[in-house]
Each structure stands twice: as structure tokens, then as C-alpha cells.
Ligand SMILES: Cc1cc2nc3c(=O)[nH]c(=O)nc-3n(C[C@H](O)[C@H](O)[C@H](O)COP(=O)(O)O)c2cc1C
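Take a look at this single chain in C-alpha cells; it is the form predicted on its own.
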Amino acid sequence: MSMAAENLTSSAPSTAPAPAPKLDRAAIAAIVASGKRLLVQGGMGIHASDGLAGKVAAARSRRFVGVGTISAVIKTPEHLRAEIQRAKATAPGGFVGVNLMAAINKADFELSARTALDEGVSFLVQGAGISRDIIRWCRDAGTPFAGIVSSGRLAAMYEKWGAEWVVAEGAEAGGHIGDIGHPLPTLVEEVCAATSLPVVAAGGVHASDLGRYFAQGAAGVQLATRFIASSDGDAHPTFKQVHLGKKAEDVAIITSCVKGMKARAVRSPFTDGLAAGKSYPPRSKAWYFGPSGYMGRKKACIECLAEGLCKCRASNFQESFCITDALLRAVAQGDEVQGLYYTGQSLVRLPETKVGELRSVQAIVDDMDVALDAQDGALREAALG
């Protein structure tokens, strides 16, 4: 049995829970009016966030409402369905959504969107490109749509098109980071000024930053790297360890195979090889997907990206790298030589240095409560003094 099949078998509940509550603009307004904010777990690509969404959505908090996000990237409909059902079973009545990247294979994109909508998720959030089709599909299904934005202009466009909220993702984020010169505090100010939609601040967010973004008008924050460094989730132990005990010099900005975009990752032999001009052509993925391949695609290149977006494929596999190989080897095998470990800049502020020190999602949320209490207290003292 392939690793993907094993994951699917172990994670699929016997029955599907009821549809999750919708995280729309009105629901977010009610949360903010109650004095709480959203704490969104970012949907990290290729299984890095598997097993986390339900934990975050179920977390108890005095200051936050947890929101879990499942990445649909490189998931068959069966695997995606099982992951959604697992998260909803873990967090009955909690907010569970799905993240989709517009840059992936067009047929896979639509199939994943349809699967998520059929499963009654709380929202769909889209990044890595723009697809107006998904906004229409969400509207027809009665499911809130959220857009990941890197500018106020795009936020205003999404509001016009019918989005319910936006994620303002700044240059400190992990993975593909868009405008590398656009730090999050500046972006949050710009996006809040450009749209009346609720704004979630994302990209390198640390507990000490919370009060700042809420003071700017953000309805919540999104964290991904912080939740990688937890005792929960399915990622390989080495995948987690690679993120721990790091300094600024351990973070690399690479040129991705996806349109040559910039991306942030943990520095490794793989990123050093890319910097030196080494190429990493695709290899068989039967070790993960089994002999039938991914969605019936048995070749080394499974055409995971939309037409014309993959630099590796466009060069007849002579340049760049296979992103599916690199990310799968990291999260599923903990391969420290040929794996690619995307990460946010908050990596350098993770307190743990060893996997054995990692705490649960609930403990991390508890820390967020304490941090925000302290920041609010400091603001009150400053106002009085």
C-alpha cells in the first residue's frame, strides 16, 4: 500500500460530520464584536498542515476563535474528502476551510474546489494566482470565499467580485511570497484602507505581533510555521525538527519553479544546490502514490501546475526543480538533502529547539491568549500614564 493510501485509510472517519458553520463577513463581524479575533491556521501545501486543521478549529480560547485550513494541493478527491471529514469530526461546529492555489493544474483545481464545496466546508481561500471561477462556484454553493492578497488593489478587486474576507499576506510569509519588499505591517495598513472586508494578517506573525495588527484594524491573524512546530499534525518528525533552533542565516530565498517566483525556505543542501544552479528533474512518485500514480498520471512529471507555469517542465526538465518531489520528500520522508522546507520568517522566533519539546496546538493557543492579555495590559498602562 502506498503512503498516500495509508494516510487516507487511517484518517477517514466512518461517517461524514454535518456541514461546518460558514465563516462569512457577518460571522466575523459578530466574533470581533464579542471581543475576540480570528486565529487562522494557514493551509500549508502538500500535506504539511494535514492533521492540524481540526485541532486549531477545536482549540479553546478566551481571546480567539480558531479556524482550521486544509491544503488541497496534491490531494486526490478521496484524500481531500477524508481530511475534511477528519477535521470536522475533531472540531464539531468549528470553522474548517480549504486552501486552493490557482497555479495548480486547472482540472485538479476545479475537482478539489467541487470536492470541498460538496463536503460543506466553512470557506474556500485562494492564493497563488487569481481565478474568478472559484468565486462563482462558491457563490452558487453558498460557501464564503476568501482571497489571499498582496496589495490593497487586489483586496478591493476581491471585494467587488464578492469575497467575504481577505488574507493580507506579507513578505515574511513562507513559500511563495509575491512582493518581497512589502512587509506585513505596511501591507495590513494598505489593505485595511482599501477594503471594508475583514482582514486577516499573515506572514511571519509571532505572538508578540498580535496587538499591533489588531490595532491596525485586522480581524485576525494567520499562522502556519508556528503550528508546524507543535506536537500535533502528520508531518514527519524530521520535517518539524528542521524548523527548530534556526537563526536568520538559516532562512533562504529561492527562485521557485512556479513562474520564477521568490519563495522562503529553510536553508538546506537543496536550496544551496538551487543557488549554485543545480537542477532537480522529476522522479517517479510511485513510492508515495502507488503504481497507479497521482490521478492516473504515472510519469515522473505529474503536471501538478497549470499550463505554462512550471519552469522545470518548460525547460524539458533541464532547469529548476520538481516542486512535488521536493515538498513530498520533506514532509513525508524528512529528507534533509533533497527535501524543500518552506517556512515563514517567524521560524527564527520559535522557542523550541528539539521535537521532544514541542507542545500541542492547544498549548500554543493558550500562549497566544497570554501574549494578547499582556499586550492589552501594556496599552492600557500607556494610556493611563
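These numbers come from a predicted model, not from an experiment. Start at 1 with the first residue shown and count on from there.
The same protein has a further form, the form predicted in complex with the named molecule, not shown here; the description that follows concerns it.
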property: Sole residue of 242, 257, 223, 98 within 4.5 Å of the named molecule in the model of the complex, by heavy atom; result: 223
property: Option touching the named molecule, based on a heavy atom within 4.5 Å in the model of the complex, out of 54, 339, 43, 66; result: 43
property: Non-hydrogen atom contact residue 163 with the named molecule in the model of the complex at 4.5 angstroms; result: no
property: 4.5 Å heavy atom contact, residue 116 and the named molecule in the model of the complex; result: no
property: In the model of the complex, residue 155 touching the named molecule (heavy atom, 4.5 Å); result: no
property: is_contact(residue 71, the named molecule) in the model of the complex, heavy atom dist at most 4.5 Å; result: yes
property: Interface stretch in the model of the complex with the named molecule - options 137 to 145, 164 to 172, 278 to 286, 79 to 87, non-hydrogen atom within 4.5 Å; result: 164 to 172
property: In the model of the complex: members of 284 to 323 within 4.5 Å of the named molecule, any heavy atom; result: none
